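One chain is shown next in structure tokens, namely the form predicted on its own.
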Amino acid sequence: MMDLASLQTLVGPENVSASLEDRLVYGRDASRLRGECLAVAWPMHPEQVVALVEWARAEAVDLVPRGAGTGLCGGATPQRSLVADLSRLTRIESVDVEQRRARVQAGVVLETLNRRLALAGLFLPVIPGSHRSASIGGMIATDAAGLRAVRYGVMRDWVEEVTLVDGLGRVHRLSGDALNHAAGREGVTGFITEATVRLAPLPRQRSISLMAFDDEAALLAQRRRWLVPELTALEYLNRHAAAALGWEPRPHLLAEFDSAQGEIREPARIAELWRQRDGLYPVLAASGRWLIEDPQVEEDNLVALLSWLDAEQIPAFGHLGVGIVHPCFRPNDERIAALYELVAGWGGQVSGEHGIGLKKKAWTDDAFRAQIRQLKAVYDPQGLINRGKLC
């Protein structure tokens, strides 16, 4: 039996719960993969994360880091574990406008940070679909990509330093190549408590073009024409996804530029198109197709992937500028395994941005699993943090 009284002394009685309601809520993340949550703790300060790890070592209880819970692969699903929710680490420590960087705690929500930065004409330009709730720590842990990856890349590209509390309670300041020990590692090496991130100037002008096509081959030809330096986003909807929004049932591309190159320049119309695009997954999920995948393939194999999804009548959308596509399935659809096999045969990745978690670890290769085990041996030799994830 866990000694929750001693944990309450460390983080405060109001920041620990073993109620049935909380254990059920924290028994899964947005993946809907359910596990067993023994209790929940909400550290209020980075120092309390260290104390929590030391407590867990003494109690022989493993810990699951959790940010906003928006992960789609079970990365925050407990396996008879205590969930450590970092969403109360919300301090924006500093913003250096001249140097274009900010120091923030892990629980800071991207949308909150960008609202503050907008006053200085800056933003953190990695914008996942869950940007209204996604936390900075979670975005680093999954190496988030998102809507504007074609211009701005992934989260790792914008991180200068992270503070990591490992499975022995040690505090690391990681930068340079060592950032790869935390970024994209889904919490298996420790808790990201703080980070310094680089910022970009807000675009002074924004325009959009929306175009429908007769087939994927014509769409991909236009994709190549739109891959110019001014392009900030290139979003794809296949005909089944477009129909779900009430659009003409043809494949569409939505291109955004930080110039006047796009045909649509009215801010209200641009905002409405993005609102519809942001609302696509909720529409598909409400129809029963809530199981969303994220394969990524190179340009040469995009036509094969898109054509297969179209022929199978699978609604799909995604960030076509970087080759990430999001097919949406009903649960237990046997075609998900077929998709993984096809992507592997094309030399692609079964996860372009959602991560591996519990859901996809069977599809990782030997080299990846060996790499994760090496990192665990350094940062978490007792297997205390996020047990059973990635490999």
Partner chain sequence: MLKEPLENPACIECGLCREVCPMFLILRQERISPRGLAILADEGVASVTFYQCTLCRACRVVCPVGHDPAGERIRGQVVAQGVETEANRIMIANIRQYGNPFGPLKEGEIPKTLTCC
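Keep in mind that what you see is a predicted model, and the values were worked out from it rather than measured. Positions refer to the first chain, counted from 1.
There is also a form predicted in complex with the partner chain; it is not shown, and the following applies to it.
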{"item": "Heavy atom of residue 359 within 4.5 Å of the partner chain in the predicted complex", "value": "no"}
{"item": "In the predicted complex, residue 85 touching the partner chain (heavy atom, 4.5 Å)", "value": "yes"}
{"item": "Residue 26 within 4.5 Å of the partner chain in the predicted complex, heavy atoms", "value": "yes"}
{"item": "Partner proximity in the predicted complex: residue 286 to the partner chain, non-hydrogen atom cutoff 4.5 Å", "value": "yes"}
{"item": "Whether 30, 67 and 282 all lie within 4.5 angstroms of the partner chain in the predicted complex by heavy atom", "value": "yes"}
{"item": "Answer option from 226, 123, 290, 152, heavy atom within 4.5 Å of the partner chain in the predicted complex", "value": "290"}
{"item": "Listed residue (330, 57, 34, 45) with a non-hydrogen atom within 4.5 angstroms of the partner chain in the predicted complex", "value": "34"}
{"item": "Partner-proximal stretch of 205-213, 297-305, 264-272, 132-140 relative to the partner chain in the predicted complex, 4.5 angstroms, heavy atom", "value": "132-140"}
